[in-house]
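Below, in C-alpha cells: the form predicted alone, a single chain.
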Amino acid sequence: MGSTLILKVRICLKSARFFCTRELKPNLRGQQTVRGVSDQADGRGGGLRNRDIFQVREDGGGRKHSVRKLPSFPKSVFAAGTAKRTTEMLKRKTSRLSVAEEEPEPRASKKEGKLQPPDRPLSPAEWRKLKESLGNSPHFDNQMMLSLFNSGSELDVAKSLLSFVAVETGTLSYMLLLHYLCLCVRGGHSDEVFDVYKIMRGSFPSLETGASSLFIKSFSQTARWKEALSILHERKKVFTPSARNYGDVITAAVQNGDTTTAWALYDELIEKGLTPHQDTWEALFAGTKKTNEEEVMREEDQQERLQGILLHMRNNQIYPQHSVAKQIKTWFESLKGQNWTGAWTTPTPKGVCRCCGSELESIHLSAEEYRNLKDRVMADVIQGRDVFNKTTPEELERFKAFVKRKPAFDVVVDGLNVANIGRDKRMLSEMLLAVVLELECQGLNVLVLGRKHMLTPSRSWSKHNMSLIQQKAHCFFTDNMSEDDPFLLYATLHSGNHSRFVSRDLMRDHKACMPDGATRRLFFKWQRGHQMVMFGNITEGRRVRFKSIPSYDTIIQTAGDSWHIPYDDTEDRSTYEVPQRWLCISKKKQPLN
C-alpha cells in the first residue's frame, strides 16, 4: 500500500504544488502545532547526618569558635528530593486538617467532543462519509491526523487518510505531512520517513524546525545517518540547531565509527553555548564500533576528550544521570593497563569517601573565591539597580555604619522569616527568642534582622520577649516596607568567611541577579556551606535543631589517581538541590613484590 500511496501523492503534487506552498503561510494554529512537533523531536528525554552545627574555626581576627555537639541532624535542605518530600508532607497535613466540603459538579471530560479516530484503515468513501458526519470541517484532515498521533493509532490508518486526502483534494498540505511524519518517527518506520522526506523535498522550498528535527532524529538511527549530517549543516545556515539535533548526529557518528565527525560536532555544540543532552555524553563514553581503524581516535586522545567532558560537568556544576555514570564507570574500568575500579558510595559527614578513603573538596570558599563573591554580591545585589526598591539610601548607609561599629557576627538571623516557622501566629516572638537563645548558648555573636513593627507590643510580638532578644543579640530593625535579604547578605559577607545565616529563604532571586554562571555557582556553594535552616517545629521544652550543613562540596572532582562523581539517581531533585549518591573511581594498588 505504501508504494501505491507514494505514487498517488507524486502525481497529485506535480499538478498542485502551488496549493501546498500556500500552506506554509504562518497562522496561529499552525505555529502552535509545529512548536509541539518540534518539542516532540527535541524531547529531553542514603542521607548523611552531620553531628556538628559548627566546626571549630578561626575568624579573621584569630578568635576560635568552639561549640558543643548536638544529636544527629536531618539531611541538608539542599539534599536531592528534600523539596518534594516537604511538599508531600505538607499536602498530607493539609488533607488531614481540611474539613469535608461539598462535592463539586463533575467536569466534562477533555476528550469529549474530540475526534474519535477509526481503529482500522478506511476507504476514501468511508473517510468521506466520516468527514460529512462531522460537519465537513475544512480542518478535518489535520485534526484527524493529530488525533491519530495522540491516540497511538496504527500507521496503516494514517496512510489511508493520506490516500483519501490526495484523491479528494489533489494535494497534501505541509502540516498534514508533518503530523504524519511525527507518527512515523515515533513508531520507528524508517522507510515511510524516507518517502515523506522525498515528497517534502520535492514539494516545498524549505523545511522548518519541526520537520528538520524529525528527519535528523530518524535518519540518525539508520544507515543513511550521513544525510542527517547534511540536514544539520543546512539548518545551520538559517539558525542554530538545538542540542538535541547535534546529539542525534553525534550519537550516530560514534556508533558508526566516525569519531572525528562526532568530536567536531561536540566542539561546535559547546562553542555555541549549548548544553549537551545526557544521552549524548552516554554515547561518547560508550565508544565506537571499531570498523574503520582510520576513523578511530588514538586511545590517548580519546581519554583526554572524555575526561574533558567530566571537567566540563565540574566547571558547570552538572551532574550525570545514573545511566551516564554507569557508562563512565564501564569506560574507566575498560582502560587497559590502568587498573581503574569503580564503586557506588556516599561520603561520610566529614567528607571522606567510604570507598577509597579520599577526602573530598571542602564546601568552604578559598580566600580568593570569598573575596570575588563578596565583591559581586555587593555590586549586583546590595548596590544593584533595584536596591532602592527594597530600601532607602539613608537606611542602607545607617545599616552599613551599624555593621561597621559591631564586632564580626558569627550568625545573622532573618528574624521575621524565623519567627514565622510555626503555625501559631500568636507565638512569633517566642519562636524567634527560642532560636536566639539556642545560638547564644553556643557562645556565638548573633545579629537579628527584623522590621520596626516587631517592636510594637501585640499578641504576636511580646514586649518581654523582644526585650530579651535585644539583650541576647545585636538587633537592627528596618522600615516595614524594606526587604531583609540584602541586609542579611551584607552583614554575613561583611563579617567574614566564618559567618553563617539562619533563614528558610533559599535566595533563588538573588542568585539569579548574579552576572554569570560562574558567580551563580560560587554563590550556591557559599550558600550551602553557610545557610542554617531549622528542622521541624519549635516546641516548648525541646532543643532547636538545624538541618545539617555538609562539610564537602558536591561537585565532580579528581586527585589524579581518583575521580569522585556525584550523580542523579532520582527524579525528585530540584534545581537548587544536590545529589546524595557518588561514583568513586580509583586505581587499584599494585601488590608489592
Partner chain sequence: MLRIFTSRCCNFLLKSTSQKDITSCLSLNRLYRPSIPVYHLCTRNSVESDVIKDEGEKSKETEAIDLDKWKSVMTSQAAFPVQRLGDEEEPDPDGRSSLDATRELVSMWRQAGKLVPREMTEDEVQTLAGFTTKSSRKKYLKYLAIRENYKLARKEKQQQKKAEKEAFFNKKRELDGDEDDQHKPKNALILQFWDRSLDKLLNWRAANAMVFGQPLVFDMSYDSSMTPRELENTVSQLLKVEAFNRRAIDPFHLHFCNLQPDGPYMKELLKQYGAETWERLLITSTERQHVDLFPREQLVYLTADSPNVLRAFDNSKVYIIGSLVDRSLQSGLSLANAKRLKLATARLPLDEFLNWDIGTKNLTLDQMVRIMLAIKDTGKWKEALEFVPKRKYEGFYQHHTHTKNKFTFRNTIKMLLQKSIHSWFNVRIFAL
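Predicted, not measured: the structure shown is a model, and the values here were computed from it. Residue numbers count along the first chain shown, from 1.
Keep in mind that the form predicted together with the partner chain is missing from the display, and what follows is about it.
Just one listed stretch, out of 263-271, 194-202, 372-380, 278-286, contacts the partner chain in the predicted bound form at the 4.5 Å heavy atom level, and that stretch is 194-202. Contact with the partner chain in the predicted bound form, defined as a heavy atom within 4.5 Å, holds for exactly one of Leu428, Leu178, Met144, Ala325, namely Leu178. Exactly one listed residue, out of Asn339, Thr330, Ser458, Ser123, brings a non-hydrogen atom to within 4.5 Å of the partner chain in the predicted bound form: Ser123. Contact check for Glu208: a non-hydrogen atom falls within 4.5 Å of the partner chain in the predicted bound form.
For Leu488, no non-hydrogen atom is located within 4.5 Å of the partner chain in the predicted bound form, even though that partner is not displayed. In the predicted bound form, at least one heavy atom of Lys237 sits within 4.5 Å of the partner chain.
Taking the partner from elsewhere, Met481 is found to have a heavy atom lying within 4.5 Å of the partner chain in the predicted bound form. Each of Asp156, Leu172 and Ser230 comes within 4.5 Å of the partner chain in the predicted bound form, counting any heavy atom. Scanning 132-170 for heavy atoms within 4.5 Å of the partner chain in the predicted bound form gives Asp156, Lys159, Ser160, Leu162, Ser163, Ala166, Val167, Gly170 in sequence order.
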